[in-house]
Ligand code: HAM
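As structure tokens, one chain now follows by itself in the form predicted alone.
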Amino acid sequence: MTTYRTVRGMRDFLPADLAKRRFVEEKVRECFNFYGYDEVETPILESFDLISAKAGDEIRHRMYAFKDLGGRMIALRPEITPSIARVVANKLRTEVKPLKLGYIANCFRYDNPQMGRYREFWQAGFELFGSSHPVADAEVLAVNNELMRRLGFTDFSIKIGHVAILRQVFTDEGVAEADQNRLMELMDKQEHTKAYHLLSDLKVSDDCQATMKGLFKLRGTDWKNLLEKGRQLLQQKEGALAALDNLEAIIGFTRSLGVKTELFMDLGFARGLEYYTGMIFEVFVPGLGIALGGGGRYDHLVELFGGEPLPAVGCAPGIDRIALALEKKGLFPDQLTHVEKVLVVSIQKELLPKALELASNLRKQGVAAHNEVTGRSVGSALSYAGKKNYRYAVLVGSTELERQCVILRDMKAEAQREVPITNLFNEIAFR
């Protein structure tokens, strides 16, 4: 007999696993409400051209892409931001701005499965369209901070940088966009030696090489000092200095929003996605070694997909990684899946219709009342109720029914008493 297993990198979510994911999703939706993000949903399948437009080579090579029966090249979404930008470009272009959209969705990448990395994974997202003001960037950072606090994390940090600093240095040097993207991808992987070699191959000036080496060293938590050193390094580079000023303004507004979380500034920080144009960040907890989420500014994506020029900033908390971190830190509530419930059992077979009716009436009153549906003995039914953590069992017997009563058994106390049917709802303590 053939035993079938899940496809590698995919998972079955059993009740306890799904409860953990739902817990994270619930906290995300609380942040949607408190910060004014309207939830949307987009298709799992998108045009390959749309998804790959600014994905970066790493993601392009790891997409599940194929031709459908109509000969169209499509892909399972490896992330959600391009889909949201498409929606804004095509269906929400006349909406009043700023426009705030949120989502919770599964994504697919052909990655090597390992801790916190799966081929099907779940992301949340907060996307803000229509503001280039640094306070919009600060809000996205504040939303992430709020989410982490609501989840129960007290010890975490935010790594922050600004890709426009790097791109302006490259642009001033005449480095083509495609080569800039290759450099950014290497920097995202912390492969700085390879980035230096590529800079040499591109024959950039000694000044450019020295500037990049200097930026790679400017990292730490003393961000005020790092900003000052950055200004000294970037003298005469007006575009890069403007980006540095923008980063300082974002941090200032973030602090005004009450975010006291440690900021780890890295002026040589890059992310693999090609559409980022400004501030970027990732969220970390000690001891895990992988980002729980990240995001940044992307001002040209909506325009790329046929919309009007529209600045945007957003982020994507990783639900799977957050759940992993909560598990490792022992932060999940003790009773994620616990629902107080009642099992209704007929003592005599001929009373089964009455037991079904009684359970139905309890459900109408808001009680999680389940029927015993196998026809087993009362003893077996009570054993089942104990193993499945039922709070009460209601036993429907002929003798009690003559008095318009039932037996209410407290499964925790292992005690039972006779109660009138008309008072049964009031006798159930957890209602």
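Start at 1 with the first residue shown and count on from there. Note that the structure is predicted; figures quoted are calculated from it, not measured.
Missing here is the form predicted together with the ligand; even so, the following discussion is about that form.
A.B. asks: Pick from 305, 118, 332, 153: which residue has any heavy atom within 4.5 angstroms of the ligand in the predicted bound form?
C.D. replies: It is 118 that has a heavy atom within 4.5 Å of the partner.
A.B. asks: Check each of 250, 243, 143, 315 and return the one that places a heavy atom within 4.5 angstroms of the ligand in the predicted bound form.
C.D. replies: Exactly one residue meets the criterion: 315.
A.B. asks: If contact means a heavy atom within 4.5 Å, which one of 230-238, 344-352, 107-115, 213-221 is the stretch that engages the ligand in the predicted bound form?
C.D. replies: Contact criterion met by 107-115 only.
A.B. asks: Flag this candidate site as yes only if 24, 35 and 257 all have a heavy atom within 4.5 Å of the ligand in the predicted bound form; otherwise mark no.
C.D. replies: Negative, none of the three is within 4.5 Å.
A.B. asks: Does any part of residue 59 reach within 4.5 Å of the ligand in the predicted bound form? Heavy atoms only, please.
C.D. replies: Result yes; residue 59 sits at the interface with the ligand in the predicted bound form.
A.B. asks: Applying a 4.5 Å heavy atom distance criterion, does residue 83 contact the ligand in the predicted bound form?
C.D. replies: No - in the predicted bound form, heavy atoms of residue 83 and the ligand never come within 4.5 Å of each other.
A.B. asks: Though only this chain appears here, would residue 77 touch the ligand in the predicted bound form if you measure heavy atom gaps against 4.5 Å?
C.D. replies: Residue 77 lies outside the contact set for the ligand.
A.B. asks: Find out whether any non-hydrogen atom of residue 273 is located within 4.5 angstroms of the ligand in the predicted bound form, and reply yes or no.
C.D. replies: Residue 273 belongs to the contact set for the ligand.
A.B. asks: Select from 275-300 the residues with a non-hydrogen atom within 4.5 Å of the ligand in the predicted bound form and write them out in sequence order.
C.D. replies: Residues within 4.5 Å: 275, 276, 291, 292, 293, 294, 295, 296, 298.
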